[in-house]
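Listed next as structure tokens is one chain, alone, in the form predicted alone.
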């Protein structure tokens, strides 16, 4: 659904996006992560045919950026970081304007559908100037979906929302994926990206890495299993360290921390070894690193694993 080849954007002497190569499939929720000023919004604006690339090529929904811009704009929905609503007009009228611009077949029906889905139907006649920031954000999401786009670009969709509303939007995004929509998600909420995204890209003017959140954890930190023992000692540590599939074993705060591949297969062997050494095992768990820890390591080291 989205393909880029060496996509690059300069503003004068400033390089905003450098040689971006991406391939995003239909129905994928793709997270685009990076610090402020990394070029994420510029990338979205190029892919939505709002600005032209300096060089390179991009195809969205089968249409080429720079050549078929009108078709791209009709087939994508965009939620910008600032909603840009008409404050003196009602929520309903705001959406009716955009439904007509997109030539939606049933404007009234589409407006009602999304106002109800996002919990704004009862406030439909009120001017958006009276809305909270979170309500405006939900209205902007509705606006981006009125014409049922195949590709949706979301820039910080839950940034201004309370926990209940944010959960509604996350559930909404999951439902859109089940419908086969492709979602390009820019967010600073890394827990949200972890839960929603099939793959993520970490970006800092250039692309640092693309993969699933789980594989990135393994690449950055390996898989680590924590064995909680009543009676851990150096002899037990030594025996586990000697096992051929163990990359590292060490004691941390009275617990045994083991780095290895395929814990599902190897954990029973470690448990047997510990029991043979007289260990009293209380419980076993896997140490799970957050996506935030992965992201920070990648950004600080420009994509290279820290040593």
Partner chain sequence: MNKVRTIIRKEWAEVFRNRMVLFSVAFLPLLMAAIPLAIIFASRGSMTTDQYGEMPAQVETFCPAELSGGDCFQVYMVSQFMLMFMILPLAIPSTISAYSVIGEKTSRTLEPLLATPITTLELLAGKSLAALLPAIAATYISFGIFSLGAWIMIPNPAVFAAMMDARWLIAVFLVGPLLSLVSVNVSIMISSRVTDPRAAEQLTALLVVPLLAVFFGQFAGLFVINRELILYGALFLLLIDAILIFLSTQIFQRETILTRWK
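Treat the numbers as computed from the prediction; the structure is a model and nothing was measured. Positions refer to the first chain, counted from 1.
Although it is not shown, the form predicted together with its partner chain is what the next lines describe.
- Taken together, 45, 84 and 89 are fully in contact with its partner chain in the model of the complex: each brings a heavy atom within 4.5 Å.
- Only one of 93-101, 206-214, 177-185, 225-233 lies within 4.5 Å of its partner chain in the model of the complex by heavy atoms, and it is 93-101.
- Proximity to its partner chain in the model of the complex, defined as a heavy atom within 4.5 Å, singles out one entry of 59, 257, 243, 51, which is 51.
- For the candidate set 73, 123, 116, 199, a heavy atom within 4.5 Å of its partner chain in the model of the complex is found for exactly one residue, namely 73.
- A residue is said to contact a partner when one of its heavy atoms sits within 4.5 Å of a partner heavy atom; residue 132 fails this definition for its partner chain in the model of the complex, lying far away.
- Remark: residue 143 counts among the residues lining its partner chain in the model of the complex, judged by a heavy atom distance of 4.5 Å or less.
- Residue 297 falls outside the set of residues with a heavy atom inside 4.5 Å of its partner chain in the model of the complex.
- In the model of the complex, its partner chain lies farther than 4.5 Å from every heavy atom of residue 283.
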